[in-house]
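Below you will find one chain, with nothing else, as structure tokens; this is the form predicted alone, and questions on how it binds or moves follow later.
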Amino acid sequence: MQRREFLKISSLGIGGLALSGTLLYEFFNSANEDSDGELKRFPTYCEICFWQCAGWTHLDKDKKIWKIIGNDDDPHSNGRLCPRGTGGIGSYYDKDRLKKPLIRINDRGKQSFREASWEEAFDLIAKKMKEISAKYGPESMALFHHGSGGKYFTNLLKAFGSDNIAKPSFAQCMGPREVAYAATFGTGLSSPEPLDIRDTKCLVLIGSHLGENMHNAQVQEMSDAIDKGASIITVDPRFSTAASKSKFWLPIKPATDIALLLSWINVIIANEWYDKEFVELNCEGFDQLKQHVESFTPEWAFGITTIEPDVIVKTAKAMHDASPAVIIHPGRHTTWYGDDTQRLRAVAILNALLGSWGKRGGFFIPDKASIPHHHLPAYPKPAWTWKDTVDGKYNLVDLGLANVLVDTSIPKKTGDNSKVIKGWFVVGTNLINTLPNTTHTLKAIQNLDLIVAVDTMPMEITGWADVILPECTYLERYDSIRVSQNREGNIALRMPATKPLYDTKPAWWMARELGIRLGLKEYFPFKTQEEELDWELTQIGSSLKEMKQLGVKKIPTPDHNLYIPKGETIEFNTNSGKIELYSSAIDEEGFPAMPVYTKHPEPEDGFYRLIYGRAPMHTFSRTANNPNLTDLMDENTVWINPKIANLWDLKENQYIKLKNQDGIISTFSIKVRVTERIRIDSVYMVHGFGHADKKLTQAYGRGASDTEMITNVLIDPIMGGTGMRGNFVTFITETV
């Protein structure tokens, strides 16, 4: 399979985008042409997903946004945007966009709002915040955020006196991975992950769907690696796009991944296939690990995972043959079964044994530029934070946990209620579809005195807000300089290509205006964001003027080493200063210092494990209304194995409803896809569909919501994340 063909499959075909409208058709017919002098381009970086690829926004002769193309100097994109990036124009032209500030006029959840001026909206919010602070303390305000706007509201909340701030992308996505790698190597992986995929000889994808999650640079590098003969090993109950490009597909029984990982470790140690020099120089706890995994043989794992012993041995040998140019991919969405930190510990240990850390074709040592920020007054010290509400748990976590903030918003029936959250800012994240156990989230909402939603679209969460602040899209605003790790330090500028449509505003301006009303002006010293950006860029010898021309600037650190020289070692930021195969940090918290397999519940007769995932043209629930991207996929389907479909007499394209183990029935029907590409004990659906807000005219009622079905939440005891794959569904074929 050649690189060109893989990229076509992984993005569902570039040609498919040309069918979505004239704008995108013209883009693909002129993407490589120089400007004819009548077009203008403006630097940006994409906000459609967290990869934030840098590009150029072009205007036509009428000064309307025409196309977005990649910036050739950007290591996130290498000049090529994915379907989401090129389709980002749809977020600007979406007729369903929020257009003016709105204030609730009825009970929460009834979707009754009136238009308001910005001044009235800000005055109301400031008044409510002051009332909450006077009665409960400033700590009773919390922030949930995703995307660029969260930085500005983080500054506002901290200046106000609260550090109850969380990104759902941590506790509901990559938190277990970050904690596991910090416990092993002394550092998390951050984003983009420092994976040297372009030079790898063996890439192991265990629950990582490259080509469907569209981590742009990683997909491109995987294509390069395939062209150079790299072995791909995919572990997945589903025959994914990546599985179709793999030398080995291991259709593992769900919830048994740790057993497979422990067996791989067993085989690699027993056959002395580990990197002896690397382990001796850099690792601590090898003898304890060797003893720990002695009984986890391939035969033992076969009885749990259904993966044949000889396949376990062959794949372990493929890793050994490639080492140290081997990557067991750490994944991104890692909150599965509640023992997720330990599962990712096993992944980290495998990478360490194979010597891939700091080695070409494994994990490189990332470089990152530094942008000085204007000195602000010290933030007031909060009297309490979310950590004071969890009885000493989650000490290895530095970032906020969104699910704990929700828990803290529900008063306890007995005991101390002095630490309670009474107000939420929700910035750029649709909590109703993001957090599992929607009923619990709504219970918390009903106990609040204030909810402010900042968004570009009328998502489900905005229907529960007291005040809605309409943010302009990323194509209409400045944002902070993108500073990201990569092989070379680099920065990228986002600037508006046109004035904001309607009465929408940037989050930077919103946070500053609220700060002024709250008496916090000293924390917002610049009058305009352009002024702030130019000040910051001047500190590193650049300027806003220069970055408008370049878009991306590489700022490599002198003498930075991407790799650890052979035979040398570095100091790791762990308790021992070594890579800890036996984690002293986890041991100190009272948990097993090495991963242990725990059997998980299985579905009852007639129920099937619910597995959810991504599609290359959509980002969670955020893009389900984007008119350019819905042309490519306007609803999800439920994948069902033919044997199960025959058992239930289900037909291809038949609409059914789903019911989970707790009796919850999906609000909307979903189309059946009968396919051999899913195990008989599982079903699969793409996340982000089944929107219930009628204001989303492209997305309302299209497909079913997997979030509705996730009511059994498995909390990771080490880091507090929400495991969401312990839910099971059955089928309802009659009209409900």
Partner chain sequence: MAIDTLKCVGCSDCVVACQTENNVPIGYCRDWIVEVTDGTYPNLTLENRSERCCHCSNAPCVRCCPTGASHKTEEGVVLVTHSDCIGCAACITSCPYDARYTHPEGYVDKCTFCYHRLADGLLPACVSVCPTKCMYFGDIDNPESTISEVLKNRKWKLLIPEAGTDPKLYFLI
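Residue numbers count along the first chain shown, from 1. The model shown is predicted, which means the values in this text are computed figures rather than measured ones.
One more form of this protein exists, namely the form predicted together with the partner chain; it is left out here, but the text below deals with it.
Taken together, the three residues 82, 241 and 249 all lie with some non-hydrogen atom within 4.5 angstroms of the partner chain in the predicted complex. Scanning 687, 673, 41, 695 against the partner chain in the predicted complex with a 4.5 Å heavy atom cut-off leaves one residue, 673.
The partner is absent here; in the predicted complex, the one residue of 438, 191, 641, 155 having a heavy atom within 4.5 Å of the partner chain is 641. Using a 4.5 angstroms threshold between heavy atoms, residue 589 stays clear of the partner chain in the predicted complex.
Remark: residue 214 counts among the residues lining the partner chain in the predicted complex, judged by a heavy atom distance of 4.5 Å or less. In the predicted complex, at least one heavy atom of residue 627 sits within 4.5 Å of a heavy atom of the partner chain.
For residue 341, no non-hydrogen atom is located within 4.5 Å of the partner chain in the predicted complex, even though that partner is not displayed. Stretch-level contact check against the partner chain in the predicted complex with heavy atoms at 4.5 Å: of 445-453, 233-241, 473-481, 258-266, the positive one is 233-241. If you take 606-642 and check each residue for a heavy atom within 4.5 Å of the partner chain in the predicted complex, you get 616, 617, 627, 628, 631, 632, 641, in sequence order.
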